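Two versions of one and the same chain are coming, encoded as structure tokens; call them structure 1 and structure 2.
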Structure 1
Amino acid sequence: MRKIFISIAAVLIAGTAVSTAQQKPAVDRAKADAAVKSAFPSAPADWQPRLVQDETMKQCSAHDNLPPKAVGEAIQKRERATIEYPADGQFMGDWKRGERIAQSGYGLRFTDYPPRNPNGGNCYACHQLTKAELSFGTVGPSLLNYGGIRKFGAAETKAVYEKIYNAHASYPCSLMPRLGSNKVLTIEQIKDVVALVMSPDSPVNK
């Protein structure tokens, strides 16, 4: 009897997979782009370019964020070239400022024009960073004790800076925003967020 149930389950699962594949509609990208543009008729002039996909976003969309190896490598190379490094060679700033940036979702919304405050990183929307904060997202991995796990290494600190500046340079088609390349955060702000993640004194690592 158990074998019969397993066989029936296998057939149902296989049938569902075939059905899903057959029912997946073809996407008319021109219509999709037109729909997105028409949804924001009053967008400020400097906001409108965000409605147009760059080459990386086009490739990620075309491959459902799972690009083949060659495409992924091309994305990484292109996005790595956009990374700007601190002029002073230091990758960590002030973790206390970094915590405020991580908590802030201000910036790039219609209600934030004209800008009246510095942009935030909205990091808690996707990550757990501190034990004290109970409201956090789970789209990204938990970063609790991130620096401690990596022994507060210099190479790891630089890698964190690069991931925050442009995550696609590390993970092609990452869901993480390109906070530096897209000018959401300044270099100094990114350094402060790096300190939040990598400083031994930060609550992330306590």
Structure 2
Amino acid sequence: MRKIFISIAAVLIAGTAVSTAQQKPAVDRAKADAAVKSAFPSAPADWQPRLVQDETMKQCSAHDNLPPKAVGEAIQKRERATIEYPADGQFMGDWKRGERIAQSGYGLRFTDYPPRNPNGGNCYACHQLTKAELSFGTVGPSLLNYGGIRKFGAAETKAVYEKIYNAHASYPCSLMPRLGSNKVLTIEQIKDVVALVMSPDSPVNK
């Protein structure tokens, strides 16, 4: 996978000139911001941040998620700096809890307040994970046997933690949500999902 990633990255770098040229003749950003603000007039005060874009969102939107090299590197650096690590240095929790988190799409929708359940990670919406679950999306790559393929390596386990915490740190403008940095999942929850992906006991790797 790493090899593939590198070769794809090479293609990307070669394609930088093209993606700069493709950058949309943006509508006045202030206009888009205003349109979004007025489309959600009932949004309470603590929802206002959802109406504005942070720097990474702006850059990814402007480049249709294919940032030129320098922008991509700036995004990676900025996003990596937001990753918080478990205090005990352990990256894996309980895969059974992880499976529940991966199944759940609960949380942060306007029908989810006040919260009745913990937030989910919604992994199955985009990824195949266990063989048993056939209802999975294909926005992201299949993660079937992900840990096994990587020999359950420690560095790879840490990388999965980082991927879930902030996908842009390794893949700028990833379509995967920044589940840790955006406070969708807690550190404990992320550890549980890492176990689902990387533990030898997990049905993902059976």
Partner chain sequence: MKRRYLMFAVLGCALVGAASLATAQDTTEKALEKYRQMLRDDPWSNPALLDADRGEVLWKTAAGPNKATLEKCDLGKGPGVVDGAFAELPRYFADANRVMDVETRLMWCMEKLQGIPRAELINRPFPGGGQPVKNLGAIATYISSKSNGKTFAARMERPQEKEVLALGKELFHRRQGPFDFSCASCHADAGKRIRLQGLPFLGQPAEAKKVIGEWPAYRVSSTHVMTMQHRLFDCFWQMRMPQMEMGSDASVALIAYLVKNAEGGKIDAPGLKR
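Whichever C-alpha set is largest while still superposing within 1.5 Å between the two forms counts as the rigid core. Residue indices: 1-based, along structure 1. What you see is a predicted model, and the numbers here were worked out from it, not measured in a lab.
Form predicted in complex with the partner chain - which displayed structure it is: The form predicted in complex with the partner chain is shown as structure 2.
For a quick test of reading the superposition: does residue 66 move by 2 Å or more at the CA between structure 1 and structure 2, rigid core aligned? After core superposition, the C-alpha of residue 66 moves less than 2 Å between structure 1 and structure 2.
Rigid core superposed, CA of residue 175 - does it shift 2 Å or more between structure 1 and structure 2? After core superposition, the displacement of the residue 175 C-alpha between structure 1 and structure 2 stays below 2 Å, so no.
Does superposing the core leave residue 54 with a CA shift of 2 Å or more between structure 1 and structure 2? The answer is no, as the C-alpha of residue 54 shifts between structure 1 and structure 2 by less than 2 Å after core alignment.
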